[in-house]
Ligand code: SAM
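Before any questions on how it binds or moves, here is one chain, the form predicted on its own, in C-alpha cells.
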Amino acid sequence: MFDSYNRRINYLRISVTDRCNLRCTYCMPAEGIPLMQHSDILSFEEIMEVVDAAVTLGVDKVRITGGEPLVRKGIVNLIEMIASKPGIQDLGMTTNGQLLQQFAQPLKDAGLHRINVSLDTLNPGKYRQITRGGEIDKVLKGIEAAVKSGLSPVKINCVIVKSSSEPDAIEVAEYGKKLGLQVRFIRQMDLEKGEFYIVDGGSGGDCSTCNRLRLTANGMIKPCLFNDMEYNVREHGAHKALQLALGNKPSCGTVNKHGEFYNIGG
C-alpha cells in the first residue's frame, strides 16, 4: 500500500504493553507512569485482527515493542500467532534484554526472526544509573543467548546524547564488532518539542522514506510517531483504522504532545 506521498507502507510496529521492568532516565520518570487499565489493552485476538487487516493492505514486516514486550504474559504465543500468518516475511522485536536469556530460544522456536536489544553503555554502574536499577550482566547474557538461538540479525540500539563518537558509544560499537552484531546509534529525541533525528546505522527518523504505521497497546493506529493523530481500532474496526492512518500519514513529523515513547513503542 502507498500513502499520499507515494511511500510504500509495509511495516507495522506493535506495542503490546505500556509496562516496563526498567525506568530509563530518557524514557520515563523515576516514580513510574500511570498504567493503562487491563481492559484498555488489546487482547492477542484483537492484535491479530489488526495484523490480518494490515497484511491484506500490504504489510509484510512486523516489530513487537512495548514498554518492554517480554513482560507481557504469553508473548511467545503471540509471536507464534503472527509468525504463522501468511504474508509476514519479517518479524522482529525490540527489548531491553533483562529477560532475554530465558526467552531467546522460545522466541526463535515460535518464529521470531530478529531482535534489537537496548544497550547504551558497558559500564555496569552507569547502566544501573541510566536504567534506574537494571543489571547489565542480564543484558549481555541475553544477547549471547539470542545469538546462540539463531535469531538474526541481533542488533544493538545504543542511545546517544549527540554523537556516536561519545566514549560509551565507542565501547558499545567495539563490543558489537567483536560479537558480529549490528549497532545502531539513536540520538535522544523529544516528542513534545519535535526533536528527532535519522538513526545512525538505520533508517528510522528519515521522513522521506518512512514505511511504517504504529499500533499502541490500547488500540490506536498512529500514522506518525511525531504527530498526535491516531485512530481507534475498537471504534473504527482494524481495516478502517489502518486506512484512515494511511490516508492521513503526514509528509513529515512535527510534534506529539499527548504520547510518550513508553506507550507508543518508539
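Just count from 1 along the sequence shown to find any residue number. A quick note: this is a predicted structure, and the numbers were derived from the prediction, not measured.
Below, we refer to the form predicted together with S-adenosylmethionine (SAM), which is not included among the displayed structures.
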The one option of L78, A173, M189, I88 with any heavy atom within 4.5 Å of S-adenosylmethionine (SAM) in the predicted complex is M189
Please tell me whether any heavy atom belonging to I33 falls inside 4.5 Å of a heavy atom of S-adenosylmethionine (SAM), as the geometry stands in the predicted complex. no
Residue contact check: V159 to S-adenosylmethionine (SAM) in the predicted complex, 4.5 Å heavy atom: yes
Contact flag, P223 vs S-adenosylmethionine (SAM) in the predicted complex, heavy atom cut 4.5 Å: no
Examine T65 and determine whether its closest non-hydrogen atom to S-adenosylmethionine (SAM) in the predicted complex is within 4.5 angstroms. yes
Select, from the options 90 to 98, 139 to 147, 165 to 173, 103 to 111, the stretch whose residues sit within 4.5 angstroms of S-adenosylmethionine (SAM) in the predicted complex by heavy atom distance. 90 to 98
All three of F44, T216 and G219 touching S-adenosylmethionine (SAM) in the predicted complex at 4.5 Å, heavy atom to heavy atom? no
